[in-house]
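Shown here is one chain on its own, the form predicted alone, set out as structure tokens.
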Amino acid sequence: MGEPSKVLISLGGILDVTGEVVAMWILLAVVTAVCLIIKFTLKEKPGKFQNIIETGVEALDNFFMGLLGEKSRQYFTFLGSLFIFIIFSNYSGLIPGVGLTDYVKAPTASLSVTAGLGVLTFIFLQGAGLKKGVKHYFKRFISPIFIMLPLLVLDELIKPASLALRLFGNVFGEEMVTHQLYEIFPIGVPVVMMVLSLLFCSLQAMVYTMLVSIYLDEATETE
């Protein structure tokens, strides 16, 4: 097992900035910059870069449409942002040096980051359910019978934890395997693992957002 990222900045012991946090800040800055560039350079006749972005957005739209139907458009901003953050966080671990040093690691290889995503997802799901009405929100916890209330409440509380642990475990495990192989076979084998990770990283982002979409469908289901 590799060591956790070193604390780079400590603000009075209240806030510790680690390698995962630094990588997350860089990632958010890059994504924000790209979004601003796209916003201010949109053209009626798109160029290659705009075509790539539009193709990606369309693919995401079709993905969520297949899971949620027409109502996916209502929640596309959150779901799309979640997918983009996770997939780029996962892919950041493939950058040479990232994941193999104690100073910079993929954000999703940190339990604190995935736990934050889980809490954010939980809040989003509760808000989406409440938007359908308070009666609808509480009724789903006592359906089909009232005795199901404790189990359904427990299930709702477990969802963010299971999402966070699943994503963290998979990404952290992949980084550790690559790290150990690098130490044993510094040439060849780690490259094969990184190639496999290209598929693995996108798969983890798809699984996470697919589960969130399923939970969202349950929370907003109409009778």
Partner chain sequence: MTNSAIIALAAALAIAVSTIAPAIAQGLTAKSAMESIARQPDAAKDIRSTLIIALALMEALTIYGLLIAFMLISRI
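In this text, all values refer to a predicted model and were calculated from it rather than measured experimentally. Positions refer to the first chain, counted from 1.
As for the form predicted together with the partner chain, it is not shown, yet the points below apply to it.
Residues with any non-hydrogen atom within 4.5 angstroms of the partner chain in the predicted complex fall in just one of 43-51, 191-199, 23-31, 162-170: 162-170. For the options A59, M176, L157, I37, the residue carrying a heavy atom within 4.5 angstroms of the partner chain in the predicted complex is M176. Although the partner is absent here, I214 sits close enough that one of its heavy atoms falls within 4.5 Å of the partner chain in the predicted complex.
Although the partner is absent here, V17 sits far enough away that none of its heavy atoms falls within 4.5 Å of the partner chain in the predicted complex.
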